[in-house]
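Two separate entries follow, structure 1 and structure 2, each one form of the same protein chain as structure tokens.
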Structure 1
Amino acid sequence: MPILTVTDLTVELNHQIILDHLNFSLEPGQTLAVIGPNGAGKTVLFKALLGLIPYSGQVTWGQDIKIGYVPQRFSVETDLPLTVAEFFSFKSATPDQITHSLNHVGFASPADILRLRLGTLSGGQLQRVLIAWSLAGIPNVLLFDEPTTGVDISAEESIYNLLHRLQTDHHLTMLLISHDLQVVYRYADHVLCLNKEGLCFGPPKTALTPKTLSELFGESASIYHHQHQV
């Protein structure tokens, strides 16, 4: 049975159609990449899936679903006194679950990172803390809205490798928004091409045709192609 079924999903904000009769489904353990130009409705889609905004149509999750979510941007002032441990106190998770999630994202000494203030973390460290925060509580679905925004290429590589390992090891279902087609081809089982309506859905190698990419980004649009190492 699908873990997620979306039927005729339509979102209207300020009298403008942001998503128009969107349909797709996802099986347990699969990774779905959502791509499209700025303003295509990608983040709005995630908010609708999470029930954060009103919509028409139907979003049906499987039974006993726990969702972890990492937003596109999480800005932290350098002088913010909040520690990582205090940040995790807002999460319904046991100390063992927090330690386990921090270990999973590559922190060899969770006790050390928990003592640090959020504002002192590097971009890569902050993203890993956010991913660990989303993992605490043992979700079976993860939503990542451009999870490498604001980090350098080396940290980006580590984060995507981490997400892929977590997805494989724990049979997680993952939905991620990305502008990087190399990431889509490498990690996604399916890709959803979005520009207010669904322009394509399927395996990246068959769904991402030159015609579809032209409809999404225009003839002269540039698309990020980072060379990720296997």
Structure 2
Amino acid sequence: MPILTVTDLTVELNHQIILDHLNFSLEPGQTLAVIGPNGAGKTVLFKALLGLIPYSGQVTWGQDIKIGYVPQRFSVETDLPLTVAEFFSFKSATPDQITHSLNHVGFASPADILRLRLGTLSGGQLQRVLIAWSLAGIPNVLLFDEPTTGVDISAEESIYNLLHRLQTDHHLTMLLISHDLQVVYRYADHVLCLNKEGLCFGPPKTALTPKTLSELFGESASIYHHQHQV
């Protein structure tokens, strides 16, 4: 039984059709990568799946799912009076779970980061804290919008390792938006190419033909594809 079934999903914002009759489904434990050019509606798709924006069509989640969501752009005022520990107190997670999830995203000593103010973290730190925050609630479905935006190389490595561990140890169902085709080939069971309507859907190796890639990204597609082969 699929954990997520999307039927005829259409999203219209400001009289513009962003997503047009999209259909796909996902089995528990699978990882779906969503790719497409800027403005293709990747984030809009996530928001529709989460029920954050109005849509027509059907989005059906399996029973007893708990969703974790890491948005693409998350920023807080630098002088926001809120510590990282207080930010985690919004979640019903035990101190152990919080420490564990901070370890997961590459913070060696979570106690130090918990003391800091959320607004003083660097972009990469904030991104990792946010990932840890969404994991602290022990979700069984994770939606990542560009998980490595603003994260430096070593942290990027640990986030990819984390994705891998979440797949193998926790059997999490994941949906990720990524610009990085390497990530798609390495971690995704399925790929959804998005350019208003779904241009392709299936396992990356069969779905991502040079033809779909150039349809999707235009001229630059050859570069993307080339990277993969290296």
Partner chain sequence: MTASLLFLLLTGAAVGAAAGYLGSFMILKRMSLVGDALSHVALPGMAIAIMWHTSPIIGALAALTLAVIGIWHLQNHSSVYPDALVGIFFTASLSIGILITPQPDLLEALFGDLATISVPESLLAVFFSLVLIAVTYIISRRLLLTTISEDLATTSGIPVSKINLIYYLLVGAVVALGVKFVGTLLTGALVIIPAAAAKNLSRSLTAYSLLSIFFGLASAVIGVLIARSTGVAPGPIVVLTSVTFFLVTLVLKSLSR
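So that the term is clear: the rigid core is the largest set of C-alpha atoms that superpose within 1.5 Å between two forms. These numbers come from a predicted model, not from an experiment. All residue numbers here refer to structure 1's sequence, counted from 1.
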{"item": "Which of the two shown is the form predicted alone", "value": "1"}
{"item": "Residue shift check between the two structures, rigid core fit, Gln125 Cα at least 2 Å", "value": "yes"}
{"item": "Core-aligned C-alpha movement of Val105 between the two structures, 2 Å or more", "value": "yes"}
{"item": "Cα displacement of Ala85 between the two structures reaching 2 Å, rigid core superposed", "value": "no"}
{"item": "Cα displacement of Thr94 between the two structures, core-superposed (Å)", "value": "3.3"}
